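Subsequent text provides C-alpha cells for two forms of one protein chain, presented individually as structure 1 and structure 2.
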Structure 1
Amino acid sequence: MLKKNDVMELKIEDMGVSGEGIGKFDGMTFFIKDALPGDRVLARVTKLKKNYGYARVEEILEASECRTSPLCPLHRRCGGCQIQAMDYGAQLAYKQKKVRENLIRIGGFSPELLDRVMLPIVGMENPYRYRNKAQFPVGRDKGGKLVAGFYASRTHQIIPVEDCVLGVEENHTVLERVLSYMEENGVSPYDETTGQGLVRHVLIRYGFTTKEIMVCLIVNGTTLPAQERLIEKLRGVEGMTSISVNRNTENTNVILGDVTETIWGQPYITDYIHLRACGTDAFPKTGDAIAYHISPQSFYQVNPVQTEKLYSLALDYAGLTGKETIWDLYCGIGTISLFLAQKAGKVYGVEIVPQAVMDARSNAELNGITNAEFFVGKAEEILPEFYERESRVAAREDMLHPDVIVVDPPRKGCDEKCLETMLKMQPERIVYVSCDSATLARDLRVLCDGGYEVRKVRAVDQFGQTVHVETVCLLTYGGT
C-alpha cells in the first residue's frame, strides 16, 4: 500500500483547475504539481486521502508534446505561474476546456448549446511582459539579506525575484532602488511572525500607453524615515510620475490599508484603453479611447492589451444604439462604464470602494462624459434597496427597468440578492464578465432559470502562464 514519500511511475492524463497534472496509480487518482498532460513521470507522494492523493514530480521520464522551456528559472518555486512549462497554444486549449466543462458540470448547460454559443478563446500575441501592476512583499532571507519577490506556492515564504517575466522590465529597476534605500537608511522590512518592521510591500503600476510609473510603499507605521532619499532614488527612473506611502498597521493578509499619502508627484498615473473592432480572429484598434486616472487603490485590469479586447466584446454584446439605460455593477474606476457611456443614453455604476468611485467620477470628467453616474456601496445592497424604494413611488422607470445590465463581479461571483434584483428588473440583455468560470456557471444557471438564455460565451486570456481566464457572456430575456 502506498504511503507518504513513496515514489511511483505514472502517465499524466489530464489537468486540474489549479494547473496540477492528473494521473492514476493502482486505480487511485493523483494530483501532481508541475506535471503536464502527456508526461510520464516519477512522482513522490506528498499527501494521501481515502480515494485520491497529491504528489510532486521527481523526474520526467518522457516529456509531453505540449511541454516547453519556461523563460523564468523560478517558475516551479514561485506561486505565480502555474503552467509556464506548457506551450501557449496548449494553455489556450486548457482554458477553453476549463470554461466549457464548468458550464456543463456546474451550470448544467448542454454540450450542444455550448457548441452553438461558445466562440474561440481570445489569446495574446505575446504572453509575457503583459502585467501593468505588481505587488512585491519585502522581507529577509535565511541569511538575513533584504529581499523582495513573490510568495512560494501556498506559503508566505518570499522567493527573491529580480525580474518577473510577466511584469514590465522597469519593475526590476524600481525594486533595486527601493531595497538600496532601505539598506542605506536602516529601514526594516515587516515580519509577519512578530508584527514588527516597517515596509510590507512595494506596489508598482505602469501605464502601457503613457509609460508613466507609480510606486507605493505599504508600511506598518505612519511615517517613512528619510523619505526624501527614497524620492531622490526613484525620481531618476524614466517615467516616474507618482510616489506614495500607504499605511497598513493591521495584522492582516490584506495588502493595502485605508490611508495613502502622495509624497512626490501626482496621486495617480494616467493610461488609456482603446476600443477594438470585434472580428472573429482579429481585434484591430479603432480611433476611440478612454483616459483613466489610476490611484494605488484603484481596481484596474492588469493586462491592458487584452482588457481592450475584453471590454470591446462587452460593448459589442451590449448591442447599444445610443438610447439605452445601463446598470454597470462592480464598476471599479469606471473602466467598462465609460466605454458604454459613449454609445448609451445613461449609465449607472455601482462600486463598493469609495476611492474607486471618486476615480470613476474623475475619469468621467476627464473624458467629458456627462451621462454616467456612480454610487458607492455593495451591488447586492445598492441595487435591491434602489429597486424597492423606487418601485414604491413608481419613479425613474429607466433605472427600474434598464435595457442592459453589465456585471463584472469579484471571483466569488454575484450575490444572491443581486441576482434576484436583476431578474426583477428584467433587462433585455445581461452582459456578464467573469474572472472565475465556476461562479460564472453557477450564476448563469440562476439567471437562465429566471427566464434568460445564453447567446454568446467567449473566454479571453488575460493571464498567460497562469490557470486564470476571463469570460464574457451575453444573455437575453425570453429568447429575444
Structure 2
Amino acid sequence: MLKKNDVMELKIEDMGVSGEGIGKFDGMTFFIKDALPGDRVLARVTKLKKNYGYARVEEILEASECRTSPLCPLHRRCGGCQIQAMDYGAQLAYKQKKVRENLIRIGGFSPELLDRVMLPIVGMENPYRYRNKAQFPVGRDKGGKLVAGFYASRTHQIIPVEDCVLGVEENHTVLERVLSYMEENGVSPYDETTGQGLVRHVLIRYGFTTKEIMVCLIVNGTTLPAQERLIEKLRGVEGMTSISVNRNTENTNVILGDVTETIWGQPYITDYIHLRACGTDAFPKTGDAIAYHISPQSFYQVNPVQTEKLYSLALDYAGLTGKETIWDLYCGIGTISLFLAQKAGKVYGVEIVPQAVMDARSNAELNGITNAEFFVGKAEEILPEFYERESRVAAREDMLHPDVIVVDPPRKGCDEKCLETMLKMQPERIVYVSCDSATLARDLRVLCDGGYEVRKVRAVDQFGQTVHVETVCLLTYGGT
C-alpha cells in the first residue's frame, strides 16, 4: 500500500490545467509539479487521496522531448511561470488542446465541428520579455539585505529577482536604482507581518511603442524621505516619463492604494495599440492605431503585441461595414470598443469599474472618437434592465437589436442573465473573447442552445511560460 513520502517511478502522460504533470501508479492518478508529458521520473508522494494523489519530482530518469532549458533559474520556486521548462512549440500545442478539450468536454461540441471551425493557435514571436507591467514587492532577505523580487509560489516570501525574463530589461535598471536610493537614504521596506516600514512595492510600466517608462513606489505612509534623490536617480533612465508615489497604509494584499501623487514628469504614459491584418499566420501592422493614456491605476493589457493580434481578430470576426450598432460588454478601458467604433456606426460599452469607464471616455476623446458611449455597471444588470425598459416603449430599436455583441468577461465568464438578454437581442454576430476556456465552453453551449452556431474559434497565446490562454470565437445566428 502506497504511503506519503514513498518514492515511485512513473511515466508522465499528460498535463493538467495548472501545468502539473499527470501520471499513473498503482491504479492511481498523480499530479506532479514540474514534471512534463513524456518524462519518466522518480517522484515522492506528498499527499494521498482516495484514488488520486500529489507528488514531487525527485529525479528525472528520462527527459521528455519537449524539455528545454528555461531562461530563469528561479522558475520552479517563483509563482509566476508554470511551464517554462517546456519548449514553446509544446506550450502552444498544450494550450490548443486545452481549449479544444474544454469545448468538447464542457461545451458538448463535437470533434468534427471543432476540426472545421478551430484555427491554429496564434503564438508569440518572442515568448519572453513580453510584459509591459511588473510589480515587485520590496523586503529584506534573511541576512537583512534589501531585496526586490517576487513571491515564492503560494507564499509571501520574497525571492530576489531583479530581472524577470517575462518583463522588459529596463525593470532591472529601475529596481537597482530604487534599491540603492533606499540603501543610501535609510528608507525601510515594508514588513507585512509587523505592518512597519515604508516601501511596499515598485510598479513599473513600459510603453512598447513609445518606450516611455512609469515608476510608482507604493508606500505605507504619506511621504518619501529624500524624494529628490530618488528622482535624480530615476530620471536618468532612458524613457523615464512619470514617477509617482501611491499611498497604501492598509494591511492588505491589494497592491495599490487610492491616492497617487506624481512627483516628477507626467501622471501617465502613452502607448498605442495598432490594428493588424489577420492573415492565417501573419499579422502585419496596418496604419490604424489607438492611443491610450495609462496611469498607475489603469487597467491595460499586459502583453501589447499579442493584444493587437487578439483584438484585430475580434474586429475581423465582427465583420463591420461602417453602419453597425454594437454592444461591447466587459469593455474595461475601451480597448476593443474604440477599434470597433472606428469601423461601426455606434458602440455601447459596459464595464463594472468606474475608473476604467472614465479612462475609456478620455481615451475616446484622445482619439477623436465620438460614436462610443460607456455605461458603468454589471453587464448582467445594465443589459437586461435596458432591454426590459426600452422594449416596452419600442424605442431605440438599434440598441435593442444590435448587429453585433462583443463580450470579453473575466475568468468566471458571463452571467446567465447576461447570456439570456443577448439571446433576446439576437444580434447577427456574437464575438466572444475569453481568458478561460472552461467558462467559454459553458457559455457557448448556452448561446448555441439558443440558436447560435460556432463559426470560428482561435486561441491566442498572451502569456507564454504560463498555463493561461485567450480565445476568440465567432458565433452567428441560425447559421447566417
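These figures come from a predicted structure and were not determined experimentally. All residue numbers here follow the sequence of structure 1, with the first residue given the number 1. By rigid core we mean the largest C-alpha set that fits within 1.5 Å across both forms.
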**Message:** I need to confirm something. Of structure 1 and structure 2, which is the form predicted in complex with S-adenosyl-L-homocysteine (SAH)?
**Reply:** 2
**Request:** Answer yes if the Cα of residue 200 shifts by 2 angstroms or more between structure 1 and structure 2 on a rigid-core superposition, and no otherwise.
**Result:** yes
**Shift of residue 265 between structure 1 and structure 2 at or above 2 Å (CA, core fit)** = yes
**Message:** Checking residue 409 here: with the core superposed, does its CA move 2 Å or more between structure 1 and structure 2?
**Reply:** no
**Message:** Give the rigid core superposed Cα shift of residue 141 between structure 1 and structure 2, in Å, rounded to one decimal.
**Reply:** 3.7
**Complete:** Once the two forms are overlaid on the core, the CA atom of residue 225 shifts between structure 1 and structure 2, in angstrom, by 5.5
